[in-house]
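Just the one chain here, the form predicted on its own, laid out as structure tokens.
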Amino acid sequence: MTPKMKPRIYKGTRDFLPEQMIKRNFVIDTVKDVFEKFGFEPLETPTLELWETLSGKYGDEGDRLTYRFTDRGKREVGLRYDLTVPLARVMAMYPEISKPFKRYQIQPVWRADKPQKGRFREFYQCDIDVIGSSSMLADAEIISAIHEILVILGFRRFEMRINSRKILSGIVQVAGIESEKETEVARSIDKMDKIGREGVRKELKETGFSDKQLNIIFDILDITGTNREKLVETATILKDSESGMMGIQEMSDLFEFLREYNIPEENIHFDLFLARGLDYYTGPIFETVVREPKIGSITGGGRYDRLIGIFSGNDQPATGCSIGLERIVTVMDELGMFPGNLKTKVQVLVTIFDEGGIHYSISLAGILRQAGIYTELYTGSAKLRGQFGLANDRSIPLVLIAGPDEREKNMVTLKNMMTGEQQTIKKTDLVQEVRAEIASLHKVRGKS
């Protein structure tokens, strides 16, 4: 007898059963549709990358959280931490790609993080990037696409936070801090949501910055007002910083473009506290947060004009954003945002009345499938009652029954599981009648 093994999975990973996968595919299909509508092309990269490709691109914390191991050929490899660094490698390896290059990529990534609500060790990212354009129009395209996706999915109370690493660089410069310590400041500010204002100040103090320097930093970060008012006041303070003023100009251009895209002002927030901790960001940075439930950012990205140059020796302007699929699904589940009928794509269950009717049922399923109707042919051993139970459990709306009488007359009984009504129809009218029932179901669901 085979020894019994306790079934379990690695902590921070999950199995997705059909009901969950249908929800995930609903989000992915929406995301892909918008990405492609905006002109982005699909790309996929390997799960494994050489360690030299991944190391040093995300900062010390990123290196620590990257799964790294030695393969049987004694090569140092790692599971991809995100989709941006692999994209940068692709752009360096295939310089013949026409630019600007607009790509989207939907694949899993891995991080050796502590699992918690909305945070997993294996999760999917849905990325879009524009390579080869330094115009803020590229950033506006990305933000606009993300905004459209969230609206289509049903999000209403969300905020797209936007800042610039160049502005943060200018703040550091005005505070009299050496430029090489800019990354330390950004990493600490990036922890604002986790450790709070006083926690950030304490961490920066322990790093060695003076109270005077910290007061200057926080006085600027605390600027309030409309997006435009904050830009004007920040520009006044950073007027002697070349980097800071470049950031201000880019942000002004970006906000102007976003107004042209008709994105509501309440969804866009110029947030000076936004830093995003990854080392490769060089310009505008952005992320989206929902006001409820508290789950952290659901999208995040920014401009990374120097990352590709690490691989090719020639810098290329680049900007992009990632949608966190896991958090999107978690929020939509918690807020009841998924359509109520989102349980299966199957529209019709073809039953097996008895052994003598198997061939007839196969022909019915074939006719429906040929017509593009999602059809399941029952393959189990349950009697008709059990087959109806399966349709109920799976929320399959239509069921076909073909007993000896129907088969003899070349007919079939069609039952609507939502209304309980049934009708006997000619086999030659099957497709027409099923489509009519499906159309009526869509009308009922639309009203509900």
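Here the structure is a predicted model, which is why all the values come from computation and not from measurement. Throughout, we count residues from 1 along the sequence that is shown.
A second form of this protein, the form predicted in complex with another copy of the chain, is not displayed here; the remarks below concern that form.
Shown here without its partner, the chain carries K230, G300 and L335, none of which come within 4.5 Å of another copy of the chain in the model of the complex through any heavy atom. Scanning G313, G208, P264, G340 against another copy of the chain in the model of the complex with a 4.5 Å heavy atom cut-off leaves one residue, G313.
For the candidate set L153, I248, I268, V90, a heavy atom within 4.5 Å of another copy of the chain in the model of the complex is found for exactly one residue, namely V90. Residues of just one listed stretch (341-349, 198-206, 178-186, 235-243) have heavy atoms within 4.5 Å of another copy of the chain in the model of the complex: 341-349.
Remark: D393 counts among the residues lining another copy of the chain in the model of the complex, judged by a heavy atom distance of 4.5 Å or less. Residue contact with another copy of the chain in the model of the complex: T13 places a heavy atom within 4.5 Å of it. At the 4.5 Å threshold, heavy atoms of S55 reach another copy of the chain in the model of the complex.
Residue contact check for D405: none of its heavy atoms lie within 4.5 Å of another copy of the chain in the model of the complex.
Residues of 369-394 lying near another copy of the chain in the model of the complex, listed in sequence order, are R369, G372, I373, Y374, T375, E376, L377, Y378, T379, G380, L390, D393, R394, the criterion being any heavy atom within 4.5 Å.
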